[in-house]
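This document opens with one chain alone, in structure tokens, the form predicted on its own.
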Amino acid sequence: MKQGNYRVLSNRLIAHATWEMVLEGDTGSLKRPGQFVNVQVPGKFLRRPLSVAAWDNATLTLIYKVVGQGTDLLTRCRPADSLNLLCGLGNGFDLSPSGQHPLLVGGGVGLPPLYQLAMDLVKAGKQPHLIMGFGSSDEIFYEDLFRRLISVTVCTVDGSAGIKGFVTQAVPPKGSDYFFACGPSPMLQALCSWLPFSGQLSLEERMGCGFGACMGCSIQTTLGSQRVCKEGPVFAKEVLIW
């Protein structure tokens, strides 16, 4: 974990109530896709946990949805503003058991960590396929960026783009034998029942400290009580209790 100040390079609206922020700073603590940062929002006591969509040696990209006062305040950040981050939190995805044709499934703002994951899988010689789910077409983001890397299936609940319905309405490509997923709990629970093979799921949970001290994000698993911010947010399908 690294704490420091990061300079805002850009902050823009990319879909309905969804923003992309690029920050400049120390990214050395980011080791795996699926890790997150805890952002100190000006004027708020508790930090906001945000997954990292991508990073390089000097910058990191965050995608967030405006759901309350804290995220609304983030939309007011301008280039050259500074934000304090706890960086490199959580365990991230383990690419080693993924097989040759892993399936990626992202729901709404659960999609961002799958972008760095997709890049890393392609770099490792894998051929992943992504199913991305949204409520409607105005919520879709990063579709073009993903399509430059891998094959993509789009689902929308209202049918305004792609397949009508939830991500479970899509048919996984033949050959898929492992999955990575991030999104709301009902979606993740449905995936565990729908997909017959193993996988890793990144959970969304309210957090206090973001690094395991407050125990506020603990869940029960087959391994006992686990902290989503510390032992997670990524868990193997087999250890989760729904």
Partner chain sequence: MNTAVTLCGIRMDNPVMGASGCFGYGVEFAELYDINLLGSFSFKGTTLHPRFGNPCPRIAESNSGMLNAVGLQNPGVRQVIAVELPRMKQFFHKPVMANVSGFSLDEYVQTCALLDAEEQVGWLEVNISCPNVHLGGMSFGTEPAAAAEITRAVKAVCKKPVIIKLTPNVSDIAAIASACEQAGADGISLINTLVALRIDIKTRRPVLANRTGGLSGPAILPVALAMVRKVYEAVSVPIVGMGGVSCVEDVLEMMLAGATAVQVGAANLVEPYICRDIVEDLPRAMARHGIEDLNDIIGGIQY
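Quick caveat: nothing in here was measured; it's all calculated off a predicted structure. Residue numbers count along the first chain shown, from 1.
Separately, the form predicted together with its partner chain exists; it is not shown, and the next lines address it.
Listed residue that, although its partner chain is not shown, lies within 4.5 Å of it in the predicted complex (heavy atoms), from 184, 173, 212, 42: The option sitting close enough to the partner is 212.
Please determine, with the chain shown alone, which of 173 to 181, 198 to 206, 52 to 60, 28 to 36 has non-hydrogen atoms within 4.5 Å of its partner chain in the predicted complex. After filtering at 4.5 Å, what remains is 198 to 206.
Using a 4.5 Å heavy atom cut-off, state whether residue 167 contacts its partner chain in the predicted complex. No, residue 167 is distant from the partner.
With the cut-off set at 4.5 Å between non-hydrogen atoms, does residue 9 touch its partner chain in the predicted complex? So residue 9 does not count as contacting its partner chain.
Please check if residue 22 has a heavy atom lying within 4.5 Å of any heavy atom of its partner chain in the predicted complex. Taking the distances in the predicted complex, the answer for residue 22 is no, it never comes within 4.5 Å of its partner chain.
Give a yes or no for residue 225: in the predicted complex, does one of its heavy atoms lie within 4.5 Å of a heavy atom belonging to its partner chain? Yes, residue 225 is a contact residue.
Mind listing which residues of 214 to 230 have a heavy atom within 4.5 Å of its partner chain in the predicted complex? Contacting residues: 214, 215, 216, 217, 218, 219, 220, 225, 227, 230.
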